[in-house]
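Listed next as structure tokens is one chain, alone, in the form predicted on its own.
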Amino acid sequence: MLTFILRRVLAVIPLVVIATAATFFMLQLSDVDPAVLRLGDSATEEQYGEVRAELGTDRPAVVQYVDWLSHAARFDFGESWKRPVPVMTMVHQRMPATLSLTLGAVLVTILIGLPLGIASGVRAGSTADSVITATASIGQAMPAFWTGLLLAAYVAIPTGWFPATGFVGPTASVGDWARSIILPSIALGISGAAALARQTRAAVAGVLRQPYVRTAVSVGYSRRSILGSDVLRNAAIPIVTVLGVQVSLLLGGSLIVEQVFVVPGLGSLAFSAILEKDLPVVLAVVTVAALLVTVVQLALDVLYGALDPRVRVR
């Protein structure tokens, strides 16, 4: 198992390098001058040159990338072009909000999608199955930002139970932190729960149609005992697959939901950096997001190996 994990970790490194290189050189196509962003239009050419030399943007693009990558490997993304603040400090301040929303959305996805999918799968072809499947189809089609707007307009504002905007860190108050992420997490997790429910339903229904399950039922085993010991285990691979995909999508979706609920996370940081043409911040957010997705996929591979030993020999 250790060798399997090591192979997966080593395979991640070139993927991260390719992703960061593509992003870096695409951003290099911009004609933004960091010296002008930092000093404005009234500085002298000598002052502009000093800022370019300080930020390293007066060197060839390949040299800039190699230098950036060597620092990024130590989680040093340089300074913001807009203000003399380390980019990692800005990312670190915004990370708790994004991770909180993603974690909350994952919980919503699992707590809603998994039970509904199992209930639908064991009743395949019934009225309950049709209702759950139709509801899941509607939920999967609902954009997260639209769901967020509905929750803010019809739940947060009229009732006052949850804040319509803002974020409270868990270190300030656990209760206020939970209240501040409930609605954004629901808005973000509804679509994921619907997708998980549909996949779980298909996986469970497919396993229940297998001959060994029918044989077990015919010799007297209860469906409940079969469901717990055999069906869910054999249906786990496709369920884990779609859950891993949904976690990656939730990370990206949280960047949009943050705008709806005015949550100071990586999404709002990236949005403001794009408006300000602060390319180092944009690159840092993209890189961190890519790393988070890569970690999720790595965890998914490890879980595959634990569920199915045959995967480890590849």
Partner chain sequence: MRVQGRRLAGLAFSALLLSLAACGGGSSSDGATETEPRSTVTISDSPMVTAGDTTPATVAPPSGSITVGVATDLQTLDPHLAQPAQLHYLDLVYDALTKVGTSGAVEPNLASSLTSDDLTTWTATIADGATFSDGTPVDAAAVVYSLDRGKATTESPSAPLFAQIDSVEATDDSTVTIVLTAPNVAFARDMAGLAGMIVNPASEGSDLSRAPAGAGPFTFDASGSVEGSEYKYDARTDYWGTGVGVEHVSLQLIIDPSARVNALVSGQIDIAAELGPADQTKVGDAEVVLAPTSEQLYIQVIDSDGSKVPALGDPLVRQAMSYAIDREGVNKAIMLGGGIPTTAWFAEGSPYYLAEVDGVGYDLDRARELLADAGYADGFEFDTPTVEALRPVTEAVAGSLAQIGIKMNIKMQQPGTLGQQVRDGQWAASLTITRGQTPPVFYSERLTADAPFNPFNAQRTTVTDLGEQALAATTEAEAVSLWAQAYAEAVKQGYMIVVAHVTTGAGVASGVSGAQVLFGSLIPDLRSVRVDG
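Residue numbers count along the first chain shown, from 1. Just so it is clear, the model here is predicted, and its values are computed rather than measured.
Keep in mind the form predicted in complex with the partner chain is missing from the figure; the text below concerns it.
Proximity to the partner chain in the model of the complex, taken as a non-hydrogen atom within 4.5 angstroms, holds for one residue of V108, I132, A152, M88, which is A152. In summary, among the residues P143, P84, P115, G206, the only one with a non-hydrogen atom within 4.5 Å of the partner chain in the model of the complex is P84. The partner is not drawn, yet in the model of the complex one stretch among 23 to 31, 242 to 250, 56 to 64, 259 to 267 has residues with heavy atoms inside 4.5 Å of the partner chain: 259 to 267. The closest heavy atom approach of V36 to the partner chain in the model of the complex falls within 4.5 Å.
The partner chain is not drawn, but in the model of the complex it has no heavy atom within 4.5 Å of R52. Contact between G78 and the partner chain in the model of the complex is not found at the 4.5 Å heavy atom cutoff. Contact between Q93 and the partner chain in the model of the complex is found at the 4.5 Å heavy atom cutoff. Shown without its partner, the chain has A152, I157, P163 in segment 148 to 163 as residues with a non-hydrogen atom within 4.5 angstroms of the partner chain in the model of the complex.
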